[in-house]
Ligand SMILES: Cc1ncc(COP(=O)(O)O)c(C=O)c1O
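Heads up, the chain below is alone and in the form predicted on its own; it's given as structure tokens.
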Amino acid sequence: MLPAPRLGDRTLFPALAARAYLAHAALSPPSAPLRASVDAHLDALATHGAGAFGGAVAQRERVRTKLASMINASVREIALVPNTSLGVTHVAMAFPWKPGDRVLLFKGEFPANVTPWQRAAALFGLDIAWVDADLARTDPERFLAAVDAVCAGGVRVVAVSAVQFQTGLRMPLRELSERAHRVGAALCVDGIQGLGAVPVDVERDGVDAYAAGGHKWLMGVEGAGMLYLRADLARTLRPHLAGWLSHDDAFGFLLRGPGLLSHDKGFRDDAGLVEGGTPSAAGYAALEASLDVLLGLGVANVYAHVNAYLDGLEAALVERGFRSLRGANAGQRSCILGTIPPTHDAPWWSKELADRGVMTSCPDGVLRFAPHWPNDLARELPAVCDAVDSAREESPSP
């Protein structure tokens, strides 16, 4: 029997080699419960073949329910999609556009929340407005004033990441949704850098669509994610991207006898509209195990634990000449600490630290530290500091 998960205890990751694994913003390693859940799914398939199908469907419905509880949504508002990109794409392609509609995007965002909207603009004759995302970190009032200026000229969708992938900046979703809704626009959110470690409440924040992959802070595996669609938004979507599971009563003809096959059934009017084909059963077996851990620990507790870790790590790195990009106040903070190293570039530092047992990531010139619930500050901070000091001492001149 596996031990119960505890904050700051990596017992459930016995194979993990790094002295300090600080790359959850890139990819989370699988836990022992996750691996056991996937093994159980594969064992059922090996034993029963198609007879295991019903159990896999039931498991996916449990996953849907648990995701809904995590973000304060209803079950019918949750779709299971492979990744963030496809979730955003479904919204961008199915939104009820009119030529000349405008989309507000943010400079510096991860392309998963930019490219789908650019394609929609090209296909449906839309205009795109831009605001610098990092302005929300450096000058929040000026940022919101820039958003106000765009909204004053008319906008149909405001598309933003809940957390900026480089700096870890937590964006002001409630303030953005208020501005969007005031002019009849929808707030669509890329949530992959927050969901699982940052508390999410789509009702409180007025979010209309929220997409997230499962392989980062949800600590699942690649290929199993989610899309939240507010019920009234889902009913307006046009199924430009659809498959056999997008229809009402999609399974009926397979289960209830002859004469039920039809190619003229209507489409679903809930989030399930976007679930066009068979999802990754193994991926959602993995995700359920991770959701059980996260919901058991409590996402708010995980968030507090990780930020206590980052408080100590940030101070140690700043003392060593790193420049922190972390938000100035708690409301701006996620579970990512982005830094600018004092010498060399971020990829050099990421490699040198990895060689010394500290795993980080380095997107677009930022050295990113991203611990999660298993990380323990007391045990790992000395190892991180030793790795930084060793790399700096042995490095040639930049």
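Worth saying up front: this structure is predicted, and the values here are computed from it rather than measured. Quick note: we count residues from 1 along the sequence shown, nothing fancier.
There is also a form predicted together with this ligand; it is not shown, and the following applies to it.
The stretch from 214-222, 273-281, 301-309, 118-126 that comes within 4.5 Å of this ligand in the predicted bound form, counting heavy atoms only, is 214-222.
The closest non-hydrogen atom of A112 lies within 4.5 Å of this ligand in the predicted bound form. Interface residue remark: I192 is counted as part of the site for this ligand in the predicted bound form, having a heavy atom within 4.5 Å. Residue contact check for S85: one or more of its heavy atoms lie within 4.5 Å of this ligand in the predicted bound form. Of the heavy atoms in F165, some are within 4.5 Å of this ligand in the predicted bound form.
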